[in-house]
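One chain is shown next in structure tokens, namely the form predicted alone.
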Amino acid sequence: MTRYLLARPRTLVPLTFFAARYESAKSSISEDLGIIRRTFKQRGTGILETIPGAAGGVRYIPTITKEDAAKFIDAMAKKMSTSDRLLPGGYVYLSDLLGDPMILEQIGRAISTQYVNERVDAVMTVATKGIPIAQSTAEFLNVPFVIVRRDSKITEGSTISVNYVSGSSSRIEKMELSKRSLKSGARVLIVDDFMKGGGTVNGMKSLIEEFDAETVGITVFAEAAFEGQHLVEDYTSLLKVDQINTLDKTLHVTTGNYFENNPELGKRDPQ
């Protein structure tokens, strides 16, 4: 049962299914689920939620503890605080980190934990570096992820496009999304790998509005210290590049506002 639940996050599984699958009484299944629930809680694996009633069952909701999140973010800050990662324009090389399945798993778990009590219908990002983050987050939320592009693809069919202002360069740019990607009223979580002025994220917010959908939250893996005004204010970052010296090619990375925006992280009681 543990393996089945872990492979199907946020999926409601009736007790009758487990009873038939393992040829056991529902009372025995309930006792076993109680053991799994306590184990998940003790190890910080997540929440095993019980839904009462004839149409009820159990649902596994992955989470990360505050301690595990802190260890992960601290480790990422140290990995990123090396001079060979500094790129022209104040950007930071992240491709190796975002290509590591173990790191991506922790990123997705950390982001999705913020939405334990929220309905999320889709995860959105812009091509290309944000795609693995969106995929990992969507897997933990058990929802689709959609990819916004800056150039049209014939395989996308008809699209909706918006113009947006780049927060770092103040240039007018365009992004678009297939009309089939989102439904009206959808609650969309925006994720991205790196944010400076917030222009790209703001563009995705505008695109979501064009679909008559709603932005439920914004989380980026890392943000850079920005002298101007961010085009978005209500966002969460796991990491922050707070010091960059292009002359001696040094940078310093610290924790973003993840814990500040999630003060109750790890304190939710599954019962």
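Residues carry their position along the shown sequence, with the first being 1. Every value quoted in this text rests on a predicted model; they were computed, and no experiment measured them.
From this point on, the text means the form predicted together with another copy of the chain, which you will not see here.
Taking 4.5 angstroms as the cut-off for heavy atoms, does Gly185 touch another copy of the chain in the model of the complex? No, Gly185 stays farther than 4.5 Å from another copy of the chain in the model of the complex.
Residue-level contact is defined here as any heavy atom of the residue lying within 4.5 Å of another copy of the chain in the model of the complex; does Ser181 satisfy this criterion? Close contact exists here: in the model of the complex, Ser181 approaches another copy of the chain to within 4.5 Å, heavy atoms only.
Partner contact for Phe145 in the model of the complex: another copy of the chain, 4.5 angstroms, heavy atom: Result yes; Phe145 sits at the interface with another copy of the chain in the model of the complex.
Answer for Pro132 alone: is it within 4.5 Å of another copy of the chain in the model of the complex, judged on heavy atom distances? Answer yes; at least one heavy atom of Pro132 falls within 4.5 Å of another copy of the chain in the model of the complex.
Interface residue in the model of the complex among Asn117, Ser95, Ser170, Asn163, criterion: non-hydrogen atom within 4.5 angstroms of another copy of the chain: Selected residue: Ser95.
Taking another copy of the chain as it sits in the model of the complex, which residues of 8-23 have a non-hydrogen atom within 4.5 Å of it? Please list them. Arg8, Arg21, Tyr22, in sequence order.
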